[in-house]
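Below, in structure tokens: the form predicted alone, a single chain.
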Amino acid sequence: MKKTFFIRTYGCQMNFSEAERLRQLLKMSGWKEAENPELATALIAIGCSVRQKAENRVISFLKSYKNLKKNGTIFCLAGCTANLHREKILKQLPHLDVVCGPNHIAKIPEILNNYTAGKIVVATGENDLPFIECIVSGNNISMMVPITKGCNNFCSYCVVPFARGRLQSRQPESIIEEIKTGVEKGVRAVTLLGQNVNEYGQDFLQNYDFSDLLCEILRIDGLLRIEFISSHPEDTSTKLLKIMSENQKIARHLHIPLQSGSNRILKAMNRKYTVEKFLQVVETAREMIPDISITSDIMVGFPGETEKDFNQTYNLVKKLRFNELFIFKYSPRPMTKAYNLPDTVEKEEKQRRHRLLLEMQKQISNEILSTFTGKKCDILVERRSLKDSSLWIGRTIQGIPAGFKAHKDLTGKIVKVKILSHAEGILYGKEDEESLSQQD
């Protein structure tokens, strides 16, 4: 059998991290990556079930290629969608051959290598399996490193504890070794991943938390930048913010989901903090790290959300002025506490609330980006632009995408760039003359 695979990934950065790890495992197992689904003997979709829309996308993708079944193509659904629905998903996708939860993704090469036509393989269950070790390809400037699996918060709308299981922290030695290996192969930036990175270590017997892990990673020679996502407002400590403020290697970026500006709705969501607590975290972060970028998530249309609740959210977003905001419309998710609540907000009203927040946030984001014009920023260069080989793409210390012109290879270097303009969420500038003279 010709061993070619194609992976399509949906959802969060954790899914994309797992997709990259699976990609490398398949290649080590003798498989080659196909350019498109039609050329693959194994078609793998990694799905997200946090919202119904995300789940619909992966199901639609797999349905659209079911005609390939006659060619002997092996169809595999992996990730949260697979773990949430398990064998039941076969009713919607009867042409599936493999259903594999996120904690069993490392088994996929073995499953495909030993696959027998007509046999359905279901590998799902809890997260008691080891983390998938990263295999750095050697041409990556940045890498995503999972530090936890699952979540213990059980927000009333969220399916993650059911799709990924309870919190499991990865041993610090394993994380440090993976990052060191990456740095030896040219990695200069890491993003630490977890449903809530601030929960890291809560399942350890010893007193060791996320701040302790950060301090160890900071000592790795050759690593230029560390980012992490996501943080929970309840667990974002002054200790963590102090470490961020004192270390230039750590990105000045904090992603802390707000979800709602109404204390009544936050309580119904089981978010375990109040608006006042969230405001305190943001104010402390901005006081300790004046140049910090704070991004967030908002959900509109949660069951019982009134116009008053939405207005409280709208006014709070207006006051907080996030650098970027990800806005979602509520959709019922199976097994969650909110699933059985009446979906009281009409679809059209959810869309209106979504639109109002989006329009305001676009204006705020543009106003914030405009303040960078004329400033000099340290850009960690990641790659050349695919459209213009003289344009280099990287990120500021706040994690904001930036592009600038240069005619030599600057990959993996930090370059001082004077910002001249911005468009569609990206800063544009030119290499600073002082930086050029130092290089000469």
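This one's a predicted model, so the numbers in the text were calculated from it and none came from an experiment. Numbering starts at 1 and runs along the sequence shown.
Beyond what is shown, the protein has a form predicted in complex with a small molecule; the following relates to that form.
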The small molecule isn't shown here, but in the predicted complex, which of 60 to 68, 43 to 51, 25 to 33, 403 to 411 has heavy atoms within 4.5 Å of it? 43 to 51
Which of these residues, 209, 349, 297, 234, gets a heavy atom within 4.5 Å of the small molecule in the predicted complex? 297
Please identify the residue among 330, 75, 115, 314 with any heavy atom within 4.5 Å of the small molecule in the predicted complex. 330
Considering non-hydrogen atoms and a 4.5 Å limit, does the small molecule approach residue 179 in the predicted complex? no
If we define contact as a non-hydrogen atom of the residue within 4.5 angstroms of the partner, is residue 158 a contact of the small molecule in the predicted complex? yes
Residue-level question: is residue 172 within 4.5 Å of the small molecule in the predicted complex, judged on heavy atoms? no
Since only the chain is shown here, I'm wondering whether residue 186 would be in contact with the small molecule in the predicted complex (any heavy atom pair within 4.5 Å). no
